[in-house]
Every structure is written in structure tokens, then in C-alpha cells.
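Here's a solo chain for you in C-alpha cells, the form predicted alone.
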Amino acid sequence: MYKSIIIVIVIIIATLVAVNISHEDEPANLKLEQLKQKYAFKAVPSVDHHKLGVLHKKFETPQEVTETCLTCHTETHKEVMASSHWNWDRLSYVKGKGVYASGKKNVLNNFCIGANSNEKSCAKCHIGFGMDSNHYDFSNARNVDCMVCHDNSEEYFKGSSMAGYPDRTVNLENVAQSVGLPTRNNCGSCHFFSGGGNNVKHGDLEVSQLSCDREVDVHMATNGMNMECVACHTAPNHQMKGKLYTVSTNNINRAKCQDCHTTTPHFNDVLNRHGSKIACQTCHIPEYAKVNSTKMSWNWSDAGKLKDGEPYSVEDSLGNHSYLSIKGSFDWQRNVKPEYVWFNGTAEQYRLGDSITTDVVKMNTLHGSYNDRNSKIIPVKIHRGDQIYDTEYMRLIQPLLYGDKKGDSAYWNDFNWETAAKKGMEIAGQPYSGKFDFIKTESYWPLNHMVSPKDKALSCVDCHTRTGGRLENLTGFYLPGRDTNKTLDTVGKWLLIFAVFGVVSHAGLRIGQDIKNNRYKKQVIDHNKEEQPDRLDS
């Protein structure tokens, strides 16, 4: 009994010693350590706006705040007014279509459809004041909203359906004295809530990232790098680096992982070579919507149901609206595995007035293919749904959704698609036949946030597996471990046979040579011994 216990203890000790001897600590990644040092130090403001006497007064309107800002920042409004954040469009080039201006002014999306004719509600996410129609004066510097991006008091917020004006409860004097560099709160006030609620649109941008851990986002984690959005999305002269793919077409001024991490971030060169065809996000964002659900589908065709003549809502088990009379039915998901597509950085959007040529309308198309040398595999959220369209002119319809009162043709008041479609297209200056139906739609959202710690990144077998791999639905190219190819498989099989044959042959030759050498050694004649000749004869 004691002997067995001692043997077991000896084996355990021997195993531990062997593991300790064979274990080698991973060498420090100096590139990563340099980046951590670079972003560990936060910028210290060089100006305390609380000390500026010009800001110590009662502001009657938000425009007065802007005018006061411009007394010091005399030319800054020109930079802001040259940005897409202000203009809601930018010049784009699409092969076959030429150069044109596109943005929220004229691009339709797969959520609230479009801003045109609904500005008073949608302008809650415009960096200006008083946008209540599509005749907004984009040349009026007084309407530039400095506070929405620079308020550090966390007190400022836009009013609901107030054409971009702040809520009436906001203390403008306190906000004006508390401005500084943009924080996550500033960016998140629009980008977290785009589409009508938290995490509705993006799936990888939501309120949890205001205070999350490394499991959710290694860059924004409060117990990690705690980086602000503007650390990556730098904005020299108020021109923001990194653009939303649903409203930008050209592959210029994108924010990329390689900007900080270089093209050789791994010690393993095999992993680095993957970077020629695999985006960093593909492996390092294995899932999104890690904390709160994101909206995966939106069916406008279900909207308009009433109970006792009144609109109503239905919530799922997590408290998300699964049905709203004003918007239709939705599907929400959490901890979602991305889908994957080829993408070369260029895109195309469905603009108001474009013709429908397919059974499923792509609201934005991401260009790319395996044969395109600029293309890489990226993870995306694909949002699916349906929208109202003109069955005669074959165009998506921009309906009037928001209105101030019943009877003004707005769908959210009257629940009448006919009048909402007619009024919306009239305001947008588009023809309408009076005949409508609903058609399937899709939009593509590349995932760039919610980067996981490296030990939670995808491993080889997540893709290089025969069935059920992450890239199972991405076809048109040969993926080792997943695909079969008769020629390659035949060549591989024979190479394996030749390799085995070579090893066996080599081993046989070595063994034969050793036997031969041993026999020769036995035949060495020792002339000092008389009996040696007899041995040889035997």
C-alpha cells in the first residue's frame, strides 16, 4: 500500500519537474508594450474653460454658445462645416456611376429607412441646430453644435424630435465651461443609439463599452487600455479618420488595425502571412453583441397592427421590443457569431431613386472577391428585413414617418402606408405611382470593435475544418482542411507516400550500413592472436 503511494508521488513530482523544465515563457511582445505605453498616458487639457470669463453668463440659446466658442476658435467652424458630420454627405466615386455626393441626405438604410422628410426626428444625431426639413441652411455657422462632441460634463444631450436642439433641461452655461476633447460619451450619444436604440445598428458599438472589461473590448476596457474613440479615429482639422461603410464608398482615410499594430504583429510568421487575405478582425472578433442584444432583422411589412385602435408593443425575454406598431417586427440576438465576406474597402449604397434589379435589395454592397488582390475576409453583421417599394417604378419608397400630429400623413401617427408613401416621396422630390408592396432587404455592417483578448481569438480549427467552420459559407477558393481538390489531394497523397517511403528507405539503409559495419569489425584480424585465421575460416 505504502509502496503504491510512494510510486504515485514520485510520478507526480517527476511530471511536475518535467513540465517545469520544458515550459518556456512567451517572449514579451515589444511592439505591443510600446503601444500600451503610448496610450497609457492621457492628454492633459492646456485650457481650463471654467476659468474663461466669457463663458460665465446665461446663454439663452445654444447658438449663443457657438458664437462664444468662435470668439477664440475663430476658424474652427470652417473645418467643421467641411466635414461629413456636418454636411451629411461626401463626394464618392463608384465604378460605372461616376462621382456623386452621397450620405444621410440621400442614402436609404435598413432601419428607419432614411432621413429625408424625417429630419426633425433624425437630426438628433446631426452636429447642428434647427434641422427641421430638407431645406436646411448648411452655410450658417451659428448652427454648428460644438457641445455635442466636446461636452465633458456628461450633462448635454439632444432633445427628442427637436431638430437637433439640446433638451430644454440642459444647463448651457455649465456645459460651455466643461468642454474638452471628445470622450466615449460624446461619440456614443449618437453611434451607440443609431437606428433608434442601444446597439440597434452596429452590434459592436453600445453603452456597455462606456465601462466594460477586456472580455468585451480590449481597447475600451476600463481594466485595460481604457482608450477613447478618438485615439484611433483621429480628426485633424475635424476630418474624422474612419468612416461608416453604409455611407462611404471609397477606400480612403479608413482606420485600420495595422496603423498601430503594423502588418507583422505576431511572432509566428504563418499568422502574419494570413494578414494578406484575412483581416485582423476576422480572428480577433469571434462574436459581437456580447452584453446587450443587437437587432438582426426588421420587417416593416408587419407594422400598423393596433389594439383597441391604439399602437402597442411586445417585448422578448430580454426586454427588447420584438414588435412595435409604428415600426413592425424585429429579431434580436446576443453573443452573435459574425458572418464573413470578401471586402476590398470600397462599397456602394442604395440611393433614393435607384432602381430595384434583384429580388433582395442590398442597401449597401461591399465589393471584393478572392481574386481581388486588395480583398480580405472580414467579419460582418448582416441585417435583414423588408421595406416598402413602388411596384411600378421599381424603387424603394421614402415614406414620411415622423410628424407633429395626427392627420399630417406621417406613418407613426396615421398608420397609413398609402398617404405616408405619397407624402414622403413628394417631399423627397421623387415620383410615386401609388402602388406599393414590400421587398426583402439586406445591409452589411463590418465589425471593427469588441476586439477580444488574444486567448479568446479564433484558432486554426475554427476555419480549417471539414464541416461547420467559420468560413463554411464563403466559397470560391481553396481552404486547406475544409476543401477537397482531386489534383491537390492526389499530389498530397503521393507526396505522403514518398515521404514515408523515403523515411523507411533511409532507415533501412542506415540499419543495413550498421550491420555491415558491425560485420566488418568482427572481421578485423588481430595479428597478435594465433587463432584469428581459424575464426575467419569459420
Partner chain sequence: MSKVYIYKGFERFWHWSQALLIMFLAITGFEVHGTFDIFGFEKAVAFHRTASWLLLGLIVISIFWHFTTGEWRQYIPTTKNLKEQLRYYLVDMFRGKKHPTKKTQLRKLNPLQRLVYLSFKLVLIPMTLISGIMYMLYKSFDENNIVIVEDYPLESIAFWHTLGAILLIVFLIVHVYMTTTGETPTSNIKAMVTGYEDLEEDTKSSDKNENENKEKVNPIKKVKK
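Residue numbers count along the first chain shown, from 1. Because the structure is a prediction, the values reported are computed rather than measured. We call the rigid core whatever largest set of C-alpha positions still superposes within 1.5 Å between the two forms.
The discussion below concerns the form predicted in complex with the partner chain, not included here.
> Is residue 517 close to the partner chain in the model of the complex, meaning a heavy atom pair under 4.5 Å apart or at it?
Residue-level check for residue 517: yes, a contact with the partner chain.
> Using a 4.5 Å heavy atom cut-off, state whether residue 405 contacts the partner chain in the model of the complex.
Contact with the partner chain, no.
> Although the partner chain is absent from this view, report whether residue 466 comes within 4.5 Å of it in the model of the complex, heavy atoms only.
So residue 466 counts as contacting the partner chain.
> Is there any non-hydrogen atom of residue 305 lying within 4.5 Å of the partner chain in the model of the complex?
Contact check for residue 305: no, nothing within 4.5 Å of the partner chain in the model of the complex.
> Is the partner chain in the model of the complex near all of 17, 488 and 492, within 4.5 Å of a heavy atom of each?
Yes.
> Let me know the one among 42, 51, 58, 506 whose heavy atoms come within 4.5 Å of the partner chain in the model of the complex, would you?
It is 506.
> Only one of 312, 100, 138, 370 comes within 4.5 Å of the partner chain in the model of the complex by heavy atoms, so just point that one out.
If I apply the 4.5 Å criterion carefully, the residue I get is 370.
> Taking 4.5 angstroms as the heavy atom distance cut-off, pick the stretch from 454-462, 432-440, 151-159, 350-358 that is near the partner chain in the model of the complex.
Going by heavy atoms within 4.5 Å, the stretch is 454-462.
> Who in 268-307 is close to the partner chain in the model of the complex, meaning a heavy atom within 4.5 Å?
Sequence-ordered list: 270, 273, 276, 277.
> Does residue 58 move its CA by 2 angstroms or more between the shown form and the other one when the core is aligned?
Stays below the 2 Å threshold, so no.
> Between residue 493 and residue 278, do the C-alpha atoms lie closer or farther in the model of the complex than in the shown form, with a difference of 3 angstroms or more?
It is farther: in the model of the complex, the C-alpha atoms of residue 493 and residue 278 lie at least 3 Å more apart than they do here.
> Flagged pair residue 468/residue 486: C-alpha distance shifts by 3 angstroms or more in the model of the complex. Which direction, closer or farther?
Relative to the displayed form, residue 468 and residue 486 draw closer in the model of the complex - a change of at least 3 Å between their C-alphas.
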